[in-house]
Ligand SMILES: Cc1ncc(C[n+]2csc(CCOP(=O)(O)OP(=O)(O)O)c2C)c(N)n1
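First, one chain by itself in structure tokens, the form predicted alone.
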Amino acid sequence: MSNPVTMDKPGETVLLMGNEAIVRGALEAGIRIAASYPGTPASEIGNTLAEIAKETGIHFEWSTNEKVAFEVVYGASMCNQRGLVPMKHVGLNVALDIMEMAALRGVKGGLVFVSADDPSQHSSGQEQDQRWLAKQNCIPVLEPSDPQDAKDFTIHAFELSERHKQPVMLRTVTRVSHMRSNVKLGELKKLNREAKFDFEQFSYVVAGFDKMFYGREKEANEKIARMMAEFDSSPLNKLVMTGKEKVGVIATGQTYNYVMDALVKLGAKEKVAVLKLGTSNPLPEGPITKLLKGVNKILVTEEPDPFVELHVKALAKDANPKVELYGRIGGKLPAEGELMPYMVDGVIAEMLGQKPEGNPRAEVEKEAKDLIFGRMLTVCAGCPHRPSIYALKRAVKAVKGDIHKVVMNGDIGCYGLAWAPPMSYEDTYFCMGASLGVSQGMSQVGIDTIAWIGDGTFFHAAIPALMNAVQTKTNIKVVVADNGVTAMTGFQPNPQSGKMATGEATKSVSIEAIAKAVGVEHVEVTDAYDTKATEAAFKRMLKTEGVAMVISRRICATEAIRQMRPKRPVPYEVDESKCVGCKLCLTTFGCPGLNFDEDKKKASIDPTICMGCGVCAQVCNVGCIHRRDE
């Protein structure tokens, strides 16, 4: 069955996720190229592009990191081709260098990048609001409220980009990225443009150094001023106002849905003027000023920072100094995190002098807090990272005497869950590749460290830090938890996977070859499922002076099962006659497939979860665990 994103049926309505709708919009805009690095909540954009790239004749790649992805698409833009760069919000930090230069140099073919922000940090280390970076770089920001908007705004973004020769940020948040709703399809386009480098706009030799380098800030400011004037009458901003209302709301992006639901619940649709704001940078001062002058109270809803509210406050000084502003700055809404419907309901009710229907969600959450506990985070059954940590802890205890004599610096990925009980072995966890850098700083002041990093993250951001350690003769130990895919974000391939985003075979890049090439002399590769051999390798690493690396390798268990389908591995089981009820398998290893019957005082294995890795049999001291077919 073909993907509904590629249906060539203009006018038909299909159910799409917000991320899928962005891909559809890009196809309707006639993109030629797209590049990304996986990261939630943006991953499905790339997954969808990978699935439909061959069918639609576009180039899509999972680049090594977001900076490379942006550069790839910018290269095509300079040759008059439209391109899309989707990434999660923190990925934009990685791409910032080239993004800033593209904003100054301008674009030829439309260039749209998606910043999928993550208020409340559902899958991120922080909830950074990337609208500030856009403002800093004179980049316009469009914020859809639902999948239909996501598609339409994407098309508009490409047109805007080419009209003003500027990159455009399409900013989503987690709820828009993963929301599903009906989307009316438009016409699929093939622009069939000749690829031709624009020497006059981009060549230092042809255009001249002075033109390319100086005066670009002024040009960028002029572009954003022209866009501000355009946004005053843009269909992306919709003001519904009769002139009789005393209360108004400026609703940005997906918060518009909460506002409209609140007005229906409160029976207040006729009492409140609403500006649906689709362009948060630059702000459309015309409709905002009109709203400011026409009402006594205004609520600004947005996520997560008071970006719009701050600018509205500045406009109010001239337009209507007496207007009462409600939002995050004054404390009517939380200063951080996602908004919830009951929060918006309560503030609008207060502004109208009404009593809200209640906040059942808050009441249920309060009751539930005493009844249930939060779901524990852990890696999957059969995950090779679990035996790697198990073996590493044993090796550190044997060599150092105490695991706390070594600081374990983790990195971004599934293996970052090494801190969770009963593994409980990861002290720090910052950003992509940071484990190697911070480990070097600690080592330079006399602290023993281990950098614990995955294969995808190694390629993404760790190689410069590894070279730095070799050059500075820093005594750090590096463990690469190599499971062969970018597993946490959806099993996307990475440079060593031997295949491209579309599944086409390509050369595999070797982690150990890179390590040896940059001067790491002690490099070992071990099978993560062989705990004794892995523990021995870790011991040798810990006893080595200078930079030393162990690559603990075994394919992601979930990916292995996917490749085996429809077959499944033979599960393991516990021989109750031999089990002594010591719980060692649970307290030191803790695979989710292991259970314990408190009445029988016996361990057991759930065959529906067991991945057949057999590591628990190696952990057991009494030999009570075996394969079911043995």
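Don't overthink the numbering: it's just position in the shown sequence, from 1. What you are looking at is a predicted structure, and each value in this text was computed from that prediction instead of being measured.
Keep in mind that the form predicted together with this ligand is not shown, yet the notes after this line are about it.
In terms of contact with this ligand in the model of the complex, the residue from 288, 488, 476, 550 that brings a heavy atom within 4.5 Å is 488. Only one of 385, 151, 82, 171 comes within 4.5 Å of this ligand in the model of the complex through a heavy atom, and that residue is 385.
When this ligand is considered in the model of the complex, residue 130 lies well away from it, no heavy atom lying within 4.5 Å.
In the model of the complex, this ligand lies within 4.5 Å of some heavy atom of residue 37. Shown alone here, residue 415 lies within 4.5 Å of this ligand in the model of the complex, counting heavy atoms only. In the model of the complex, none of the heavy atoms of residue 160 sits within 4.5 Å of a heavy atom of this ligand.
The chain is drawn here without this ligand; in the model of the complex, the stretch among 363 to 371, 434 to 442, 488 to 496, 307 to 315 whose residues come within 4.5 Å of it by any heavy atom is 488 to 496. Within 4.5 angstroms of this ligand in the model of the complex, the stretch 63 to 84 places a non-hydrogen atom from 66 alone.
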